[in-house]
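This document starts with one chain, in the form predicted on its own, laid out as structure tokens.
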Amino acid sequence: MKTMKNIDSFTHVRGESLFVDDLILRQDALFGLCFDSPKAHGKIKSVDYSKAEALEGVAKIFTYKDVLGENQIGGIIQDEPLWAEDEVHFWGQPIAFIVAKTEAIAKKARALITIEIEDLPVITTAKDAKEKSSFINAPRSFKLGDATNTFLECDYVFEGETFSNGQEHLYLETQGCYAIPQENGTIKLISSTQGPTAVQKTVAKVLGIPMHKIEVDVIRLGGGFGGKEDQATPWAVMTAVAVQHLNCPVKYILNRHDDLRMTGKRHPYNSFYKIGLTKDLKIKAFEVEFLQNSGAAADLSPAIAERTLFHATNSYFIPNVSSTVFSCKTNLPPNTAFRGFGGPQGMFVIESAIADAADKIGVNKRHIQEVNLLAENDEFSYGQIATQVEAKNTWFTAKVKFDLEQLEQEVISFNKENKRHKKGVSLMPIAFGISFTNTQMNHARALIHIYQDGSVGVSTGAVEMGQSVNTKMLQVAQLVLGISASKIKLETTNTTRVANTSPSAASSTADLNGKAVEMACNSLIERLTKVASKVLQCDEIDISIDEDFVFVGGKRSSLSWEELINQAMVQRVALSENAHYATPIIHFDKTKEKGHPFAYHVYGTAITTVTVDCLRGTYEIDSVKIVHDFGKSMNLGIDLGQVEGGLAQGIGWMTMEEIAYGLDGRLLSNALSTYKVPDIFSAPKTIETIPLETEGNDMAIKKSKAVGEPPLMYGIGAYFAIQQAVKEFNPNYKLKFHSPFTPEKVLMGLYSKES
């Protein structure tokens, strides 16, 4: 399949691509700013808005008292008010919304508000929450076989604890929305959201009006990573409430500090495992308890917790599994979706358990990994039977293509010859399920218009956020219609044109929306084929369209695409089509915790090599060599970019991105001076990705597998490569599984005297 460059790249590099903050505002537009809680938990005794309200240029300050519908924005569970009423539950919780003539006036007004809060106990960790029985909802458990009794039959049994910290999304474009009043009480919202329908539905509920009076339009996002799936909603709702009352446009773009303070992150997890193996290193039993730090409200935590269970055994077959997750309620901002959606947290635990077992048995970790890889028709703990399994294929291809034996020998030689610097190498296999685990969300629509001049407009529910989904949608339309890319335009994502959309998330956006585009284009081609057969007086079966012309029996005719469309107009043939696609086969019964939730799995193996400076505790990622299961990639350039971006984000999560909260619930890593993300100097020196040779999967669009989330998990390998290097320098180092593995932790490990 012919590849295509990202269709946004030209306007991106010229600074011409439009985002919410780039839009020209109406002359009467006002600006919003949120007043949020300065404490993590307490009863609101009083709030004095008088000085702020008296400030010249302040139009109005909105609170929960101004809500005409429901003061509730919770999605899965109705437990999150738009604005706090009597209590605050996290530092940064919205209490009021200031609307003023300028951002500067709004900011000055915020400083004039005084609030008195009676302190209540603050919970910041999942462990403390569990001890206090503070939960979002009931725990969930997946079981396969009989883990409890199987442990009694194992030759080796090991138990341990892990911790994986949160991660800040740090999208380049912060949260924001521009709301514009329309006639007859309708409101148009230009929002930076991954979930246009979620914004539309929630705004309608809070305003107390029908959904058809709310139009949500998304041009593109300057990054999302899951942080704008649910958490773009409150800011849009606030602007809409203001428009409902003031009947003039309101814009709200969060500054970086407010965004960091008020939004949720990737969920931190405390986890406890028990792993049992036989002498031949087969894992016979695995038991794990996940404590998810959900924050102060549910947000998407229940769904994220569920996916943690789905990926608790990564790409290994374990016949006896017992996994349980608790969504723990704490006084932090509600944590939310982040690339991988709970899967990385689950995979880190099983990889830690294997590393622990390997260290205590005295074998290389990869030997345990290798003998337990998934095979065809193995059963996952949730009941799905593994088919078209590529786990061993990617693993052994990586070993051969990258000459693992030689690489390991080079590491051994280097470590013998160097005292100050030590190298480590690790393998990280992945198996990631593709579909929303909530089955009912796996559907999409596309609306295609062919205009009289032959140009084409494509509308879908897919949100472009840097992952190049628009490019893939254009490729699908071009391939099916057989016309030049220049004739096709991807429209903005709009709830009026394509309604009831699932969010752009779960790595499913290209599959779901691409299949809908394909269906709509096929329907149009079917009609146009009838037109062409009449014009050319030939059988329909001989007709095809390619290179902007009609072909008959494989030979180009004189009938161009433009003339074909003209003839269709003459014959009054419909040149618009709306198609609906729903993923077949998938299902999941939550009452039994069994089913077939995923359309397919993406597999891969990464080999990571690192060098640790044993004097400073710093490290470099020398190389990451990957064999990845792209299926039949429809755009390898874009897909390779996703692999490299996901890898960098995963390495950042595992090595340097450390979220820190004080005991009082205040965010300490509240700026880019205190929260470190990978830059060019911390990126791997070499990234090499080899596409696995495979037939792909029919459930993927054009057999081109989803690629958004799976590569992030390759970054987990960096943790274990660094750990191996530390162990080489300090044989007394006792393995710990507490990420991120920052240089400070590395330095302490290098000189630890534990044994």
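These figures come from a predicted structure and were not determined experimentally. One rule holds for the numbers: they count along the sequence shown, beginning at 1.
Keep in mind that the form predicted together with ligand LUZ is missing from the display, and what follows is about it.
Of the residues given (K472, H601, R307, H89), R307 alone sits with a heavy atom within 4.5 Å of ligand LUZ in the predicted bound form. Proximity to ligand LUZ in the predicted bound form, taken as a non-hydrogen atom within 4.5 angstroms, holds for one residue of E229, E577, E351, E287, which is E229.
Mapping the unseen interface onto this chain, N635 falls outside it, with no heavy atom inside 4.5 Å of ligand LUZ in the predicted bound form. In the predicted bound form, M441 approaches ligand LUZ with a heavy atom inside 4.5 Å. Ligand LUZ in the predicted bound form is not approached by Q649, whose heavy atoms all lie more than 4.5 angstroms from it. Although the partner is absent here, T437 is a contact residue: one of its heavy atoms lies within 4.5 angstroms of ligand LUZ in the predicted bound form. Only one of 429-437, 444-452, 200-208, 553-561 places residue heavy atoms within 4.5 angstroms of ligand LUZ in the predicted bound form, namely 429-437. Residues of 694-712 placing a heavy atom within 4.5 Å of ligand LUZ in the predicted bound form: E709 alone.
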